[in-house]
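Just one chain is shown here, as structure tokens, and it is the form predicted on its own.
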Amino acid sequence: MIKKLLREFDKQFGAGGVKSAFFSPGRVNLIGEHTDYNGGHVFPCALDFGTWGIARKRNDMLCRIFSRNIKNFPWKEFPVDHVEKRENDGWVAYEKGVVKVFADHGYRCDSGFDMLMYGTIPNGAGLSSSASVELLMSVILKDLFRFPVDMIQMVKMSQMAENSYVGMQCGILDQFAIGMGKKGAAIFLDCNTLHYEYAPLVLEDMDIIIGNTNKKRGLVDSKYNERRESCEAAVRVLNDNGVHIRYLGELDEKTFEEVKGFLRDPVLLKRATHAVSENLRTIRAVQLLKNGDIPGFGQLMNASHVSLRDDYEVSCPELDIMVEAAWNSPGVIGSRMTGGGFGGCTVSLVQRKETENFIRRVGEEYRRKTKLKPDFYVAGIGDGAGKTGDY
């Protein structure tokens, strides 16, 4: 892959000079959805496919980017010393946002650079192609300009870029999983404190299968931000009634039962119910996994989807059809939607001996009911974003 991209880089930008290669993975969240910005726990892992980048410094202050994934208008450029948000930014908004946030924190580029990108994450599938690009740009900036930043700082600045520049009020789940990923392990992360631990995924005779509904969604234009605002509104109502919290994720089951009566707006109650119950499910699920109770973990995955569908209302018919087809398939331990919702992907734990049958059976039922052709990936768990070498 790298040799092919290096040849493409020379074709687009010219040969010569030291070129550096970088890789930033996608991520899948096993459980803990819409809990990150609610100060709760998540349990994601980095994937072994993602976004590649080749970069080389320039002699001026211009950043020129070529994307092999974009058929129309694959070229974008902007001055690194004066980044301004523009209506026609399009796909380069993520890269520009990272450069601007770095500069706002005192990490200013002393030159421009050329960059070629190629991603293998389906856009709009809920596997964090945007966060993958943000961390790719972060590790490129750190390496090219020798910025003294660690991965946690880059994770935080990448999230800031998406929040402040792109306008997507995401939590830190995606960027953290992509930056801090570790091969063969998932990350149990407390999004309130950023305390984390790696949990080895010893699944033995099981596969993690990602099912792409190919129902695209754009989260910035969806109701994602609206869900976050509802949760923040629920916190304000509880605080007004003497419940002193910053996030819904601070509430345990007993306390929530005692105070939920203050949430008289039925929508706010439903949103809060998911945020609290999903956080508790995630904590329990990781403990079950540590104890080797894979069936119990799978049951909590199923319950997570029901909550996302009914209380948080971020599922969609296509996701529900794929998940229900998975639930009815032999060898399935658990299945749920993953990512922000409104389309995108499901994640399923499936006995390896049934993997081929699962893909065939679920694919046929999904296509019959939706007229859409799904894609399936047997997920490999990879390392986080970083440099792969100089050439």
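Predicted model only: the values in this text are computed from it and were never measured. Counting begins at 1, following the sequence as shown.
Although not depicted, the form predicted together with a small molecule is the subject of the following passage.
Annotated contact segment (heavy atom within 4.5 Å of the small molecule in the predicted complex): 172-180, selected among 172-180, 94-102, 259-267, 240-248. In the predicted complex, the small molecule sits within 4.5 Å of a heavy atom belonging to G340.
The closest non-hydrogen atom of G50 lies beyond 4.5 Å of the small molecule in the predicted complex. In the predicted complex, the small molecule lies farther than 4.5 Å from every heavy atom of G40. Within this chain, M115 is remote from the site of the small molecule in the predicted complex, having no heavy atom within 4.5 Å. Here is the short version: of G344, G32, G334, G26, the single residue with a heavy atom within 4.5 Å of the small molecule in the predicted complex is G32. Only one of Y165, F78, F297, Y224 comes within 4.5 Å of the small molecule in the predicted complex through a heavy atom, and that residue is Y224.
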